[in-house]
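Next up: a single chain in structure tokens, the form predicted alone.
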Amino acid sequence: MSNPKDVRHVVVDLLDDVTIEKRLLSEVLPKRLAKLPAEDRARAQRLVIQTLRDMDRCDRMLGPFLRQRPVPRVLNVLRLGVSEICNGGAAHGVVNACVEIAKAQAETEHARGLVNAVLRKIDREKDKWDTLPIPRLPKWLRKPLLADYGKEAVAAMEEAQFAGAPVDLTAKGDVAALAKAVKGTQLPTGSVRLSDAGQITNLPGYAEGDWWVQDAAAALPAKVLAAQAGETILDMCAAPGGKTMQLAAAGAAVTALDVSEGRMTRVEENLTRTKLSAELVTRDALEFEGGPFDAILLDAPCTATGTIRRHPDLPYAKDGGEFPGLFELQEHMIDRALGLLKPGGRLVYCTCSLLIDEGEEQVRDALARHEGLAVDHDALRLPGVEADWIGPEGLRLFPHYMADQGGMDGFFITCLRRK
């Protein structure tokens, strides 16, 4: 029998990793969750994601009961307790477990009384939870988004991100058949959305490789590229392989390139499960020699600011300081990709970012650097894509698009062609 207090200990460790050590959950989850029995891992992941999503509200609830800010780990214990209690957790068990976490370390043992008293007060005040405002994006991100898109759009993004994200599937074959098999909803863009996915590996068609998990927005770049059977295509930053599988399923001869050997292992595993094939190359994209290719898909390394609704750790693990280096890398990767294309070939460039520095600005700069380069707007006009989502430089997607159906990740997508 697993101990629920052990789950919460690991959750607080994860909160410390993100808020104190400034590490992303993707970096620390595997090691932390390995400490737990298999049946507790999903619960721990759900609790840490919920607490991170609730962080701003937790701090607002705690404010009136704290004379001074506690040490970071104690604050994270309190945040976990507030999130659980205010989301319907049994207060008695939550309070006792949080007190035990405080007692477990010498540097936090002194705060056990504080944790007990504050969380009991929170339980009496929990009706205020739903009256609190939607959590705001961090200032380092909110400021440029306000400048680029305005208050109304940013507020809509924040609401969508706080709501979280459903699970979307991409079908290897018939979309309608997949939607029926998994009891999902077929979206206008062609993805299948699940309102209650449950255990992914237990869904019909998983073992057979009939589909893979991929956000509706993330599925669009490969559709913009519109691979044809027999074409040679480079997926320039391939891991974890969703777009590689889309291209291979279209019958193209795909070269999947990624710098990370570990991430490329995931691509190989995904291709094996779906019974699709691609040439796998583990190498720095800027040093890769190959082609020329009929088409290239460049899902460039980016800030991932469009994925906060499913990665609420990002605002607390990042501060924007490393972003200029990413902008420069994207510029170099666009230039490298264009050099690997056949004459008349097409490059689909995309980022899961809300920042125009990683989208519209990159395209404007690329057009200025490369004579004869143009945006193919026709390629962007896909089923389910509204006309006003397409701008001069490309397709701009926001988390609040299709909000009544659960939203989508923030993305920028463009198709560039050499004349």
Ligand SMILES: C[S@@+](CC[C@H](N)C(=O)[O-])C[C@H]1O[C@@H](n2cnc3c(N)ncnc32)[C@H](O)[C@@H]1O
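Because the structure is a prediction, the values reported are computed rather than measured. One rule holds for the numbers: they count along the sequence shown, beginning at 1.
A second form of this protein, the form predicted together with this ligand, is not displayed here; the remarks below concern that form.
- Judged by heavy atoms within 4.5 Å of this ligand in the predicted complex, the contact stretch among the candidates 280-288, 88-96, 149-157, 107-115 is 280-288.
- The partner is absent here, but in the predicted complex a heavy atom of 237, alone among 182, 253, 237, 314, sits within 4.5 Å of this ligand.
- Listed residues 259, 203, 340, 175 were compared with this ligand in the predicted complex; 259 is the one with a heavy atom within 4.5 Å.
- Three-residue candidate spot 243, 263 and 333; every residue lies within 4.5 angstroms of this ligand in the predicted complex by at least one non-hydrogen atom.
- Using a 4.5 Å cutoff between non-hydrogen atoms, residue 138 does not count as a contact of this ligand in the predicted complex.
- Residue contact check for residue 299: one or more of its heavy atoms lie within 4.5 Å of this ligand in the predicted complex.
- Taking this ligand as it sits in the predicted complex, the stretch 90-112 never comes within 4.5 angstroms of it through any non-hydrogen atom.
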